[in-house]
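Quick setup: one chain, the form predicted alone, written in structure tokens, and binding and motion questions come after.
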């Protein structure tokens, strides 16, 4: 809970500050607009009220002048979109880091867990088959595939090194889920039948929380995972300690997903 306060959670990713800037811009603008309109309405109520010796007046304002406040708000909103929203969206959603410079993982959501598939020391993901899925092999990694012999899967437990981009391929086994790490300011739907790329770069060592931000069933409230951001030395030590998938499956199971 040390990552949360009365305001926004701690900024623990490279683009958290940019996301927060947008939130503050929107909130500041809405407060300013609310205050200005309140002052204007209060002035009209007082200046043109009915009182002794003075009847309530109906003022007539030139049509184009009456549009001035709306035009100002529209200009502000278009400026925010052009100068902040489009560049930020492009850098966060359209410009992915290079795989060779990143930690690459597959994140697969299911009711009600987060499965993380790491490629192992060889950096290659093995084939996966729905026919091989069981409790010890939740993603159905084919142990006969040489590329997957050293792969391993964690459930609700993610580890990443600080200061290195993480490139994740997000998918779902069953229904729509939403991958949300508040401290990283990352939120992305996991949609059945789709593989959605996302990325983030942790900048602060510590323990963080993954939650599901999309109602996904009776266990939605408990669908959470731990994210541990570690030094590169601690991450490498943890990575080396993880055992690969060893569960053998039936021969001939070649369906990949």
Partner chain sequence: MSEHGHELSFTEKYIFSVDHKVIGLQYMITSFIFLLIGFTMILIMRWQLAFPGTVIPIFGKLLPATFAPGGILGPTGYNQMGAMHGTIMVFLGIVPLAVGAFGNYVMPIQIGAPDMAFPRMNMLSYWVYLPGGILMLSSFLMPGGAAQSGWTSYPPLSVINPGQTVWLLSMVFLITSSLLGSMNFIVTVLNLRAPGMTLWRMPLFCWSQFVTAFILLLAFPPLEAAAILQLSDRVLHTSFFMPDGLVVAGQAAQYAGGGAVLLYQHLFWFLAHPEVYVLILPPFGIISEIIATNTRKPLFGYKEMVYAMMSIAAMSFLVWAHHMFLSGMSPALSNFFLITTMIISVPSVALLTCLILSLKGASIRFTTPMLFALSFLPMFGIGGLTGLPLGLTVTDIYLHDTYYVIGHFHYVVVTGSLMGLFGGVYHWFPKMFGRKMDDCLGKIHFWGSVIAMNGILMPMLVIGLQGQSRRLFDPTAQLHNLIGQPMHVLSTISAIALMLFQIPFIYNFFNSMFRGELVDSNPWKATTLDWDCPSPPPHGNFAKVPRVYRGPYEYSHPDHNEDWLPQSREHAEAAR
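Numbering follows the first chain given and starts at 1. The shown structure was predicted, so the numbers you read here are calculated from the model rather than taken from an experiment.
Only in words, not in the display: the form predicted in complex with its partner chain, which the text now covers.
Asker: Please tell me whether the candidate spot formed by 12, 236 and 242 is one where all three residues come within 4.5 Å of its partner chain in the predicted complex (heavy atoms).
Answerer: None of them does, since no heavy atom lies within 4.5 Å of the partner.
Asker: Wondering, does residue 182 line up within 4.5 Å of its partner chain in the predicted complex on heavy atoms?
Answerer: Output for residue 182 is yes: heavy atoms within 4.5 Å of its partner chain.
Asker: Within a 4.5 Å heavy atom cut-off, is residue 232 in contact with its partner chain in the predicted complex?
Answerer: Heavy-atom contact with its partner chain at 4.5 Å: absent for residue 232.
Asker: Hey, in the predicted complex, is residue 157 touching its partner chain, heavy atoms inside 4.5 Å?
Answerer: The answer is no: residue 157 has no heavy atom within 4.5 Å of its partner chain.
Asker: With a 4.5 Å heavy atom cut-off, would you call residue 92 a contact of its partner chain in the predicted complex?
Answerer: Yes, residue 92 sits close enough to its partner chain in the predicted complex that at least one of its heavy atoms falls within 4.5 Å.
Asker: Just to make sure I understand: among 105-122, which residues lie within 4.5 Å of its partner chain in the predicted complex, judging by heavy atoms?
Answerer: Stretch hits: a single one, 111.
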